[in-house]
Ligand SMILES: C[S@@+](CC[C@H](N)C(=O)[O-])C[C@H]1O[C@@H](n2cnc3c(N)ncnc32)[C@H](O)[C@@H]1O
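Just one chain is shown here, as structure tokens, and it is the form predicted on its own.
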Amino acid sequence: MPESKRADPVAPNALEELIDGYQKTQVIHVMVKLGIADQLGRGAQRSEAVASAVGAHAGACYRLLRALEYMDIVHEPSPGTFALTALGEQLRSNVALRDALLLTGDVFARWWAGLEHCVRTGESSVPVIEGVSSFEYLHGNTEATSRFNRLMSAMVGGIAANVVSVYDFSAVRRVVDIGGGRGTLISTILKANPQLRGVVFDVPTTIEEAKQAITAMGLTERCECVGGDFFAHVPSGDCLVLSAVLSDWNDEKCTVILKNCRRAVAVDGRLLVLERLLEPERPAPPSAFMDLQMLVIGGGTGRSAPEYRSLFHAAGFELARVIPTGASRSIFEARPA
């Protein structure tokens, strides 16, 4: 290594910032969990008043607020008085961001502590840590399930309009959204295509949330809500949709899901897989961390078009085309082989 690189004083500081990243995550997590963001949303307050309102130790709360000030989440208009910055305001208004943060601090951080196991084995850390799979764990925890479902709804909601704008559903009769959560995607598809009928299929606990959402949107006459397990079977239809499902699982489990889809899809039907198209970008994109998240949570991964083609082939499908949506996920359209 050149001498100038070894002597560069910036590199050690930058590395320290990366090493200390977990501390920053926990500081923001505790801020939201204690309700400090909501408390400061009422206006600037003395740190002692904030501590009293949220049930915290006054001295420790002040130190937390100072750390938040360093991170530009709060500012100190006068000594000992704190207010939210524009960045901090998002912790009040952005529900998806709050859900992601609370899940990260309460659950995901514990699972990421098992990353070494994941890298050594290529498997999720969750069964080792929790004794059950990530989804069994989440669905055994009502609060975590609700947060996860809201988070997924927000993610799907961000791409749903793009999907209906680039894909022609005019020849389709019955769409089945497998692992469809609270019905965000299927409701968008049905609203844009009045001729369609739909099914949202997910685990029974999530389907109860979907029923409420579908009713609120006035789609009960056109959309069934069915509970079940996609590793066992899926409802039949001429258009099956898997949105952000396959990236949660390894190839073996994906093949089981896809074979169940193959048995359920009409002879002239199609399967739409909505996932990130993994490409060898240089330099590595931020989604590299999402790939690790998929590994940690379920042993899953993002995939390239050839990798999806191979998965489809193993289950009796052929990859027909890959359709960009202009959003984070592409449509992989497969037809029965």
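Only a predicted model underlies this, so the values are computations on that prediction, with no experimental measurement involved. Don't overthink the numbering: it's just position in the shown sequence, from 1.
What comes next is about the form predicted together with this ligand, which is not displayed.
- Residue in contact with this ligand in the predicted complex (any heavy atom within 4.5 Å), chosen from Val203, Ala213, Ala160, Leu101: Val203.
- Note on the partner interface in the predicted complex: the residue among Trp111, Tyr167, Tyr137, Trp249 having a heavy atom within 4.5 angstroms of this ligand is Trp249.
- The shortest heavy atom separation between Ser124 and this ligand in the predicted complex exceeds 4.5 Å.
- Interface membership of Gly237, defined by any non-hydrogen atom within 4.5 Å of this ligand in the predicted complex, is ruled out.
- Shown alone here, Asp106 lies farther than 4.5 Å from this ligand in the predicted complex, counting heavy atoms only.
- Remark: Gly80 does not count among the residues lining this ligand in the predicted complex, judged by a heavy atom distance of 4.5 Å or less.
- Residue heavy atoms within 4.5 Å of this ligand in the predicted complex occur in exactly one stretch of 69 to 77, 238 to 246, 87 to 95, 112 to 120, and that stretch is 238 to 246.
- By the 4.5 Å heavy atom rule, the three marked residues Gly198, Arg263 and Phe317 all fail to count as contacting this ligand in the predicted complex.
- Residues of 216 to 232 that come within 4.5 Å of this ligand in the predicted complex, judged by any heavy atom, are Gly228, Asp229, Phe230, Phe231 in sequence order.
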